[in-house]
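What follows is a single chain, given as structure tokens, in the form predicted on its own.
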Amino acid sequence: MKGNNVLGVAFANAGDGLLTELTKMRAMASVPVGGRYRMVDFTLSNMVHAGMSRVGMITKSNYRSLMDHVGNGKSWDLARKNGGLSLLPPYSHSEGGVYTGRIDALFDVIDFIASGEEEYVLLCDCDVVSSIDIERVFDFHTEKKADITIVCKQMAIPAGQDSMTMETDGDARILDVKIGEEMEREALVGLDMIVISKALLIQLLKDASSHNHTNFSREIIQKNADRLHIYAYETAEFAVYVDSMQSYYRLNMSLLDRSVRSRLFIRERPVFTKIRDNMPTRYGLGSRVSNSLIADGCVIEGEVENCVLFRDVKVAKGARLKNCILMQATQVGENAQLNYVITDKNVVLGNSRIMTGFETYPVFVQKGAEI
């Protein structure tokens, strides 16, 4: 199977309800990560590195910043006369409004799915930061003559969401699917990355829609585990769910480790993002920075340790930052002290402000706040 024979379909708002602090005004797909990236960058980069040239992104709400970020898809080589990137509106034919479930969402864009010449479809969510060689997934799907292949990883079961956990035989065929397990254990967890033939997907969607089913995991995957040949492609590559402020914080802090960055940012498969022309970061006399990721356009005159700073962050003289994530255009006043703090965009923290959280409960400051 070749990538240009696969249609990509991504769900921009998957996991919104689990990260409400950051998705109140944006889709999960446009949540900032790692100083200069967005969640969607990893999904789109994985797809284009596999040779996929047509991608549809299903939106639901708060997608203005996503539209601004992805534009026409040029940054991912998806600005094309034929194919390329398409943002798909969130309106359902069956309900006359916003879709109510994944089956409803897919059935609403069934004409888009059917319109191309691709034989296969890759369904992806944007709540997983990963670097996965999808070409290997395609090869696995073909080799096993699978009806459906689900990319999985042995990991702790994510809390707070209806994750799929798999039980397989010695040939990686899925025997049982459990949804929403709340046990604190490791299991083979689905990464919401699914390969399926277009014809089978359309058939299953029409059948499910005619029965008023909305839950894709339960009504299409779990229900058909005995009837269809559904296989689990187990990956050992980098893949992390972002399903809470704690997991978001841990992910960003883990990127301070060079060995972690080398697993996510692979030279042969770089992560693409929207390019912004900006000045290099300026470091004032007496400033100190250690073990931190600093994006371009920042002005650092204070002390920064174990932090991730996005573009255009300003840290005034005497300010001390430790274990923080500061998003674009945050301003930190003189002599301020921050520890375990996450700020959204355009936050202003005044002179001598002191804010302290904890590793498992970082303090969050909402977009545009002035303190």
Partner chain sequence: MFSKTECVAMLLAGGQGSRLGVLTKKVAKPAVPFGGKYRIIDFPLSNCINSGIDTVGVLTQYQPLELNDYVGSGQPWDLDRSHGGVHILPPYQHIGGAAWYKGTANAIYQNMNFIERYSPEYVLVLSGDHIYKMDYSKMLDAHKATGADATIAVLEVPMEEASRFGIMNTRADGSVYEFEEKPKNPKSNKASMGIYIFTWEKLRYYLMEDEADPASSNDFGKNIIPAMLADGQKLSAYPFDGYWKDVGTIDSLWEANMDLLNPKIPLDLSDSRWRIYSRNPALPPQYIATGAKVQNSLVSEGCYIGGSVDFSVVFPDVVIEEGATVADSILMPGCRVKAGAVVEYAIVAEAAVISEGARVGERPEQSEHLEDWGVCVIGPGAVIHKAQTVGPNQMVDGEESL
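Residue numbers count along the first chain shown, from 1. Not measured: the values here are computed from a predicted model.
One more form of this protein exists, namely the form predicted in complex with the partner chain; it is left out here, but the text below deals with it.
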TODO: Spot the stretch among 130-138, 115-123, 269-277, 243-251 with residues whose non-hydrogen atoms come within 4.5 Å of the partner chain in the predicted bound form.
DONE: 269-277
Open item on the list: So the partner chain isn't shown here. In the predicted bound form, which residue out of 201, 295, 146, 239 has a non-hydrogen atom within 4.5 Å of it?
Closed with: 295
TODO: Name the residue from 215, 168, 222, 281 that puts a heavy atom within 4.5 Å of the partner chain in the predicted bound form.
DONE: 281
- [ ] Establish, in the predicted bound form, whether 74, 258 and 286 all lie within 4.5 Å of the partner chain, using non-hydrogen atoms for the distance.
- [x] yes
- [ ] With heavy atoms only and a cut-off of 4.5 Å, decide whether residue 291 touches the partner chain in the predicted bound form.
- [x] yes
Task: Contact test in the predicted bound form: residue 32 vs the partner chain, heavy atoms, 4.5 Å - done: no
Task: Close approach of residue 37 to the partner chain in the predicted bound form, 4.5 Å, heavy atom - done: yes
